[in-house]
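Here's a solo chain for you in structure tokens, the form predicted on its own.
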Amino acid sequence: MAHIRIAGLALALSLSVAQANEADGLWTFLDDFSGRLDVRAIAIDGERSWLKDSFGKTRFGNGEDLEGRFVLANAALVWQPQVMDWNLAGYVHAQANPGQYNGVDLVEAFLKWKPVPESDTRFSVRGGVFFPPISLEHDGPAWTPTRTLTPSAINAWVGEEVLVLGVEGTVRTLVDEHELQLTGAVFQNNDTSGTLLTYRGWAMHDTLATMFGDFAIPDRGPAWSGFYATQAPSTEPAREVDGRFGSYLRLDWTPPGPATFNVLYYDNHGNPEVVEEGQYGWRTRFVNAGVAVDLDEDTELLAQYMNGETVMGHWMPPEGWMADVGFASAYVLVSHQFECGLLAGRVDWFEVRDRNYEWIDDNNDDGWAGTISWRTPVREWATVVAEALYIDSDHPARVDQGHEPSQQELLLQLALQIDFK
């Protein structure tokens, strides 16, 4: 019922924007809709996907030797009504993809107020369900990356476990040609953040959390199930279980020159001892730092580093919380715009460090990945993307399913992305 109330509130707010626009005669209904259809030919050599109760780090693995198939990767619809006189804009994003619990579900739904600036200082506020401003890669339609098909490990995790319901405010100003921006928010409905990162480890994919969906937790066998007897076999990313408010704060600095820098601190303030219908509260906090550099007019460098920790369950002497891990990841991405397309390459590193009860549930995870992608427009409304992703990882919990801890995965993708408005 809580999820229904959330969705109802967000949609009602956006509908009120639409009705106001209609009354003022400022918009044509269909002009506020846009969307994307993403179909792919894939070839995958790697273990069974984490979306299928296993530890594979891609979204398409079947645990077989190299195999190819066609898939509908994503179908997204976005509604963006506006009331110019009130400086208000609505945003509602619904999607369907094979990794989703429901056939069609809502991802983001919020209202944004951004008044016309009257000085060097500008303000904006948004409220509803949204992803915090962490990713440097997701600047495409329907929260998609624009340089590669598969986002980094950091931003794949943001997309799967860091969807929030909250209110966010931003203030931006100029100080001696230096642009400074401060963003802060309070939120709820992110209590389970950290579940997948702990029990599965990092993953690399473009499947997003939804307001009503869930993701399966890898099956670890009877001993593990007995230790976590009250944990549900799946996790609900947008679940509220403890009534507490989380918060985050981000600072952006753009000095004169080609680089911008940002740092964000996030804390969901979850109560790790609360469990509701098998969904535990997790105390998850992290620091994320990012930099974007224009190396020349056609070449860009992006980099992010994230370091954090998450705990869950009751305090159990002598080792502490039932689940207690530290996590870290980083990537560097370089892209170059040619006349005929965009070439991008990225290297990722990631690790999870289990800090207790390894003899029951060894949650350590470490590895690296390399991605190369080529993106070229074929029509004004269509883009072809070719990508190769290689992941080398070590995850001791794989032995619980009879697999070797060390695995290598190769995913080749050829996508046709059709945008409409």
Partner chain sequence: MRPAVAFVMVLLWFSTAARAGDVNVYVHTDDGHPVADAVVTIVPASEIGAAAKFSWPMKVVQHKLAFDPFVLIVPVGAQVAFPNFDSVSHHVFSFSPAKKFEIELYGRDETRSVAFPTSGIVALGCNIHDNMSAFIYVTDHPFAAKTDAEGKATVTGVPAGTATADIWHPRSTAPGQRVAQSLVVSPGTTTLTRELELRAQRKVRHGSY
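Since the model is a prediction, treat every value here as computed from it, not as a measurement. Positions refer to the first chain, counted from 1.
Another form exists, predicted in complex with its partner chain; not displayed. Remarks below refer to it.
Option from 129-137, 237-245, 98-106, 202-210 whose residues, in the model of the complex, bring a heavy atom within 4.5 Å of its partner chain: The contacting stretch here is 129-137.
is_contact(Asp65, its partner chain) in the model of the complex, heavy atom dist at most 4.5 Å: No, Asp65 sits far enough from its partner chain in the model of the complex that none of its heavy atoms falls within 4.5 Å.
In the model of the complex, Ala229 touching its partner chain (heavy atom, 4.5 Å): Ala229 lies outside the contact set for its partner chain.
Interface membership of Leu182, its partner chain in the model of the complex, 4.5 Å heavy atom rule: Residue-level check for Leu182: no, no contact with its partner chain.
In the model of the complex, Glu358 touching its partner chain (heavy atom, 4.5 Å): Contact check for Glu358: no, nothing within 4.5 Å of its partner chain in the model of the complex.
Contact at Thr150, Glu277 and His403 by its partner chain in the model of the complex, all three, heavy atom at most 4.5 Å: No.
Single option in Cys340, Leu72, Leu174, Leu249 placed near its partner chain in the model of the complex, where near means a heavy atom within 4.5 Å: Here the answer is residue option Leu174.
Option touching its partner chain, based on a heavy atom within 4.5 Å in the model of the complex, out of Gly320, Gly169, Gly326, Pro258: Here the answer is residue option Pro258.
Contacts with its partner chain in the model of the complex, stretch 325-350 (heavy atom within 4.5 Å): Counting only heavy atoms within 4.5 Å of its partner chain in the model of the complex, no residue of 325-350 makes contact.
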